[in-house]
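Take a look at this single chain, the form predicted on its own, given in structure tokens.
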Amino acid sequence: MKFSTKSIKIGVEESDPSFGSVVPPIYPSSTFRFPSAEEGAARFAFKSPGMIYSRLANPTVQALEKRLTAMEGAEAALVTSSGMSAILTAILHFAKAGDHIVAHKSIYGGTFELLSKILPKFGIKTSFVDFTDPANVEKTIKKNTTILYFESPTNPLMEIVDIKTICYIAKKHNLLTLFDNTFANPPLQYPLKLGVDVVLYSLTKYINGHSDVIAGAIISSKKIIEDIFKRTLIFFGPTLSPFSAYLILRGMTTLNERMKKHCENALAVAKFLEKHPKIERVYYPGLKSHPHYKLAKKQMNGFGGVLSFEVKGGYEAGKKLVNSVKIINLAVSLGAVESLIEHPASMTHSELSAEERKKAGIKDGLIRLSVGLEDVDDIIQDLSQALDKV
């Protein structure tokens, strides 16, 4: 099957053997009957695929996991209650007290907070370096390093990391790669094919795409996923509701077409902003002026729907701009059908100190824009009138 067919068909037939529903049904049951004590014992021993309890598995949730696995070209997937729960579950499954992680300097604010301030309390330390220069990564690796953690495109500066090279370094040093692909999910990018060990998602974003679900995913080999499931996930309990799984399955049916339009609109908006006299700089890998344009073109099938830009005038100018939009929503998150704009210094990356933001390259006038599916002329006009007020 091609991508669009997978995103519509996978997980449907086996989720409703009784009635043949053309969409995966919602199974709200918290627990499931065993036909016999012997079958119950087999399920608890993981020798039978039948259901036990929805913290462990649920038919609607399994249908989503099967579809995500097919979408990624992977062997297996697990879904969780949020993107952050997927990240936390994966990291704590592989890391222990005394371990060291090397992460890219500019990543999602919640992940930065987890790695820099929370995990050190449990004896897991992280060094933040610039992954766009792989030499930085290699020289930061220590004897107790176990994980390389990164994103591409990065949040919020839209840097492009050479995924294949970072994975080569990881394998050379016998390290695990954890990669957040939320900004460029398939069909835009396939990290597993580039050598990544574990792919992480906030399904809240493009994969669901409609601003009405919070969810996450962990995707990898069958061996890794089964190990995470049996030894970590079922005891942490970051369970995804079957209602949420149903909504994501519905959202995925239009994923291919939505991603095409997101990319098309974002490029047009980026080109407009690049020529505007009140804009200092635009960060979008689809622009030829982007320092990583050639790498993005090589490892991606599209440049995504998120861009960032610096408004002249710094912090106050940034706030003025986001307070002046009318069609675009002043809200965090991204990847939805509606355009969303936010000011990282005061919002998504406010957890970082001014010094930490400076090291990460996040300036006070930086704006992150998730370009939606509205008519692109309306998006551009809204930005134009807002910029007139700065």
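Here the structure is a predicted model, which means the values were calculated and not measured. In this text, residue numbers run from 1 along the sequence as written.
Just so it is clear, the following notes concern the form predicted in complex with a small molecule, a form of the same protein that is not shown.
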Exactly one listed stretch (81-89, 311-319, 114-122, 168-176) reaches within 4.5 angstroms of the small molecule in the model of the complex by non-hydrogen atoms, and it is 81-89
Discussion item. In the model of the complex, is there a heavy atom of the small molecule that lies within 4.5 Å of any heavy atom of Leu240, even though the partner is absent here?
Written reply: no
Phe183: heavy atom within 4.5 Å of the small molecule in the model of the complex? yes
* Heavy atoms within 4.5 Å of the small molecule in the model of the complex: does Val332 have any? -> yes
Discussion item. Under a 4.5 Å heavy atom criterion, is Tyr108 part of the interface with the small molecule in the model of the complex?
Written reply: yes
Partner-free chain; cross-checking the small molecule in the model of the complex, the single residue of Leu287, Ile214, Leu194, Val129 with a heavy atom within 4.5 Å is Ile214
If we test each of Thr204, Asn265, Gln189, Ser244 for a heavy atom within 4.5 Å of the small molecule in the model of the complex, the one that passes is Thr204
Is it the case in the model of the complex that Asn208, Lys261 and Glu374 each bring at least one heavy atom within 4.5 Å of the small molecule?
no
